[in-house]
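The form predicted alone is given below as one chain in structure tokens.
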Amino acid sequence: MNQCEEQAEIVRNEQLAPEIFRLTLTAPEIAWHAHPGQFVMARISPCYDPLLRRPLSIHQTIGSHQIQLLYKVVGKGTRILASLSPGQKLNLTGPLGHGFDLAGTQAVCLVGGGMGIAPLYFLAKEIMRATTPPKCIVLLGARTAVEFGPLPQDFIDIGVTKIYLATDDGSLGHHGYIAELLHQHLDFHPWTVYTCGPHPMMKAVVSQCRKQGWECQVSLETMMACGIAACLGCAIPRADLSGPYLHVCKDGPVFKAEEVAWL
């Protein structure tokens, strides 16, 4: 695993939707080594408040020098992040963790909910870069239409032609949960499903994949303090509930669905 610590310079910190921002940084070492599904740990302040770094999925790399991070303002750390301006520096450690496995995929479906959309865009870019891209369907869910911002169009701009949306309030696309669309848009051929989002959403996706015999990879989102499995704060139980716990930062954040206990 190649990882480093960089003083990344902020290029843009744009607001995409209420409380949702996309941060573009110059971080050549991280950009060069990053793979879809990996993340960085960001030191939000040079002071000790907040003390801990924040984990952020890599939304995409731009060329060989820049990365983008998608985040939602939910607390003090992300409020500080939203206040940063171009030219300021942000200390990043990364890329961390194990990303998505694309080996041998013929037909893929990406299922993202809320901020879980962040790492799936990077994955979609890698899929569409292939000489012969596999059959690709993208399913995205949010609480309301405004939370999507420009993200659905971003997927279309990189060549994704089959993209379906769902909103909890029915303001755009399917009125309901995004997992409900799987049986509508996937046939019974072998599929590889990649998913990231709220735990209940992923649990529903995994359940459908088991029923249909589809391979499923999940990108888990948990609170973590260190990113290197030293603090043990991101421990999750294995599927068989025996043996040592898995650690999202080190063993993941991407796992085969069958490795995880979906409690």
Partner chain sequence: MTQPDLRVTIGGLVFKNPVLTASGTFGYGKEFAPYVNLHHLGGIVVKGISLEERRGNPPPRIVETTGGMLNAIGLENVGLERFIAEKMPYLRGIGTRVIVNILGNSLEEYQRLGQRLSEIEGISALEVNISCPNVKKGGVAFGTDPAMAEAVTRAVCAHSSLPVIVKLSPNVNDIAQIARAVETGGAQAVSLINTLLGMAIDVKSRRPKLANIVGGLSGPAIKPIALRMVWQVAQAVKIPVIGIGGITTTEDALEFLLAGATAIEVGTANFINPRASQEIVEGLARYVTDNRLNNISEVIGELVLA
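Positions refer to the first chain, counted from 1. None of the values given here were measured: they were computed from a predicted structure.
Keep in mind the form predicted in complex with its partner chain is missing from the figure; the text below concerns it.
Taking heavy atoms and a 4.5 Å cut-off, does M224 contact its partner chain in the predicted complex?
Answer yes; at least one heavy atom of M224 falls within 4.5 Å of its partner chain in the predicted complex.
Given that the partner is absent here, does P18 sit within 4.5 Å of its partner chain in the predicted complex, heavy atoms only?
No, P18 stays farther than 4.5 Å from its partner chain in the predicted complex.
Is H247 close enough to its partner chain in the predicted complex to count, meaning some heavy atom within 4.5 Å?
Contact check for H247: yes, within 4.5 Å of its partner chain in the predicted complex.
Does at least one non-hydrogen atom of K76 fall within 4.5 angstroms of its partner chain in the predicted complex?
Yes - in the predicted complex, heavy atoms of K76 and its partner chain come within 4.5 Å of each other.
Going by heavy atoms within 4.5 Å, which of 195-203, 40-48, 61-69, 208-216 lines up against its partner chain in the predicted complex?
Stretch 40-48 is the one.
Are all three residues V11, R22 and T161 in contact with its partner chain in the predicted complex, where contact means a non-hydrogen atom within 4.5 Å?
Contact check failed for every one of V11, R22 and T161.
Determine the residues of 89-108 with a heavy atom within 4.5 Å of its partner chain in the predicted complex and present them in sequence order; the list may be empty.
Residues within 4.5 Å: T93, G94, L96.
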